[in-house]
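Take a look at this single chain, the form predicted on its own, given in structure tokens.
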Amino acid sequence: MHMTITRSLMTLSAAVALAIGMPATAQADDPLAVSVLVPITGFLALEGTAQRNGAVMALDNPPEGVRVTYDVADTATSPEVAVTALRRALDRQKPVAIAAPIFGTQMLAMAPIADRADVPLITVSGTAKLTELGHDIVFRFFPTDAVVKVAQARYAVQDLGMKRPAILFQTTAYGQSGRTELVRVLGDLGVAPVLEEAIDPGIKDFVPALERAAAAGADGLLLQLHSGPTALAVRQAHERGFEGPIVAGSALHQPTTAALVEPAALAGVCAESASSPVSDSGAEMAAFAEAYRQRFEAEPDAFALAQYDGMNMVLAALAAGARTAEAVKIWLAGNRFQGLAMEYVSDGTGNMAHDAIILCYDGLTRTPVVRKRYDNVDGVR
């Protein structure tokens, strides 16, 4: 039977303090190490920086009786760099858990090494394949593409009336995973895309792809692109006068992505996500968002929040008595945790998040509004 862990957020002068609704049975003599290995430079810098911020925000505020130390390393966007950072962390820091990259390509390279070391990887990567390879050390705190793409496709078809969508997807593992899930869900809805176009992350001109979509008779766009390319696609679609609705992947919910697009170009554009801290006026979320702004002089996004929740679940494991990486792994696999974004519980393969939302922009501001919620999409909870 799963044990339920609850906690609440309270505002402090410069951070958010974690309160866990159970006795802190672990008394640390020496601090336990946690590694933060995320892409801070390269085309995933926006996402990776949000990851880092969420992780350190949690690790700087452990529960009573728990002492942790952490190091941050930039994995850029190379699998080789990520693997080197992982090996160095395992050799030097002996971490009990690792905040691992959002980039699926890096995660696929790191997982076998972490598996052999039996150290849990706490990630917000959406690449579906990560939890399909039998690695029991991967714990994903952002909904898999098999969850969020359900929300994206259903909203496009059932709420916006798309019948002939075009899919623009990145050539990375993330893009390919999302494209596969979108095609699958669209098929279940009786819809076939009229165009599926793979876009390299370095491409700066989306006009040719947009023209091919228009020529194919597309009545809307489904985007599965990283942050920078998402902003480019939305901006250029607006400039070109593309008239159909656009439903993007989670990159567009980020305030840092929206900041790259004029509000008028965002009018009517929607995106899937796990959460949107800037759109939630609840007291606990407001406290988190304010503490985040004070600490990082930036707006929080769902990636930061999911990584924050994930590291807080690791801290809950330490508070419950886990003292080794293996013990943390076992605790994560067998317990529930009420985070800020949602309740987390493993589906048996390390998928911890099971809810999704759709956000849309009104064309006047860069703050999206939650239009629809899709709870327990995969039926795990």
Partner chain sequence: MIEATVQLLATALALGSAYALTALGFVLIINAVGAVNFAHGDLVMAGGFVAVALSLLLPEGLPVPGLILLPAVLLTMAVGGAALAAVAYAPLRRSPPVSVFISTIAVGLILQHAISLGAGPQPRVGPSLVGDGLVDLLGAALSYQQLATIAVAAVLCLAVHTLLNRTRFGRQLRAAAQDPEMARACGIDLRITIGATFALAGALAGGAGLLLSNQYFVTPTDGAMFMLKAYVATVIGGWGRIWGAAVAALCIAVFEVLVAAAVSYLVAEMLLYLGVLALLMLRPQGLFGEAEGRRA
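Predicted, not measured: the structure shown is a model, and the values here were computed from it. Numbering follows the first chain given and starts at 1.
Just so it is clear, the following notes concern the form predicted in complex with its partner chain, a form of the same protein that is not shown.
Here the chain stands alone, but in the predicted complex its contact with its partner chain, taken as any heavy atom within 4.5 Å, falls in 209-217 among 278-286, 263-271, 209-217, 306-314. In summary, among the residues Arg164, Arg184, Arg235, Arg293, the only one with a non-hydrogen atom within 4.5 Å of its partner chain in the predicted complex is Arg235. Among the residues Leu46, Ala58, Leu318, Ala356, the one placing a heavy atom within 4.5 Å of its partner chain in the predicted complex is Leu46. Contact check for Ser227: a heavy atom falls within 4.5 Å of its partner chain in the predicted complex. At a distance threshold of 4.5 angstroms between non-hydrogen atoms, Ala114 is out of contact with its partner chain in the predicted complex. Using a 4.5 angstroms limit between non-hydrogen atoms, Ala198 touches its partner chain in the predicted complex. Contact annotation for Asp188: none of its heavy atoms lies within 4.5 Å of its partner chain in the predicted complex. Residues Arg235, Gln236, Glu239, Arg240, Thr256 are the ones in 234-256 with at least one heavy atom within 4.5 Å of its partner chain in the predicted complex, listed in sequence order.
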